[in-house]
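Take a look at this single chain in structure tokens; it is the form predicted alone.
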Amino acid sequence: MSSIRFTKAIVKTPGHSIINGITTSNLGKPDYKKVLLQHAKYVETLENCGLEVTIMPAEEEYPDSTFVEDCAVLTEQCAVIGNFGVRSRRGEETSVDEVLKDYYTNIVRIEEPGILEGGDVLRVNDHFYIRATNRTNISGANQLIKILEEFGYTGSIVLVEKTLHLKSGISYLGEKKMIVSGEPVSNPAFSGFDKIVVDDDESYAANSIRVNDYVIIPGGFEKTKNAIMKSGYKIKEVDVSEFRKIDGGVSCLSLRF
């Protein structure tokens, strides 16, 4: 069993403007009808894992706003609102902040000159690994560590250069097990963990999430799926192919707490 049990999740409906989302891929533009179908199935999967899901309305002015994970870092004791490194995304966090007020009394913000995106923060029990590069800087990381320490948690900065976000290449499953791909495989910060190493041709599947009794993984990555199952985990697959076209993964689409 995972040491952290989730009861709730927040998601944001994709807007038509998602076709203009930021991307480094060459996979083409998302098909909006498929986007909505895949998002609905993703929400259903979270519910099937035992979560009560709050579905926020679309925000057309922010093409990438369905990726709510980047807006905040959530713990049992506090919510930390990030500050986007990408200027075009600044403002996405405002509506998420409003929703979080229904659940948290302790809400703290990352302030300039700090920038921080939730996809760069990996929680392992009560410790938080934070990647500092162009989406999250040293100031933002240090602010987060200070905030976390005030609420009884710990944090540290890790050097991972080549992924979009830290969690693009690593996921924590609980029980000292991680899914890793690329740089995190040999990163000394993660040397004490049992690693499920993802082959380069399935690196996208390194971004998966443990939600209570299941690991939710992107569909179509059989080697990774089999390796996770062999490690004793139950799997739920979701098709997120349209979100992959704009650099989004399984974890990006929800805030879980």
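Because the structure is a prediction, the values reported are computed rather than measured. Throughout, we count residues from 1 along the sequence that is shown.
If you look for the form predicted together with citrulline (CIR), you will not find it shown, but the lines that follow are about it.
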item: Location of citrulline (CIR) contact in the model of the complex, chosen stretch of 68-76, 96-104, 147-155, 171-179 [non-hydrogen atom, 4.5 Å]; value: 68-76
item: Output flag, R89, L164 and C252 jointly within 4.5 Å of citrulline (CIR) in the model of the complex, heavy atom basis; value: yes
item: Close approach of P14 to citrulline (CIR) in the model of the complex, 4.5 Å, heavy atom; value: no
item: Citrulline (CIR) contact at I246 in the model of the complex, heavy atom, 4.5 Å; value: yes
item: Residue contact check: I235 to citrulline (CIR) in the model of the complex, 4.5 Å heavy atom; value: no
item: 4.5 angstroms heavy atom contact with citrulline (CIR) in the model of the complex for I19; value: no
item: Partner contacts in the model of the complex for 132-154 (non-hydrogen atom within 4.5 angstroms of citrulline (CIR)); value: R135
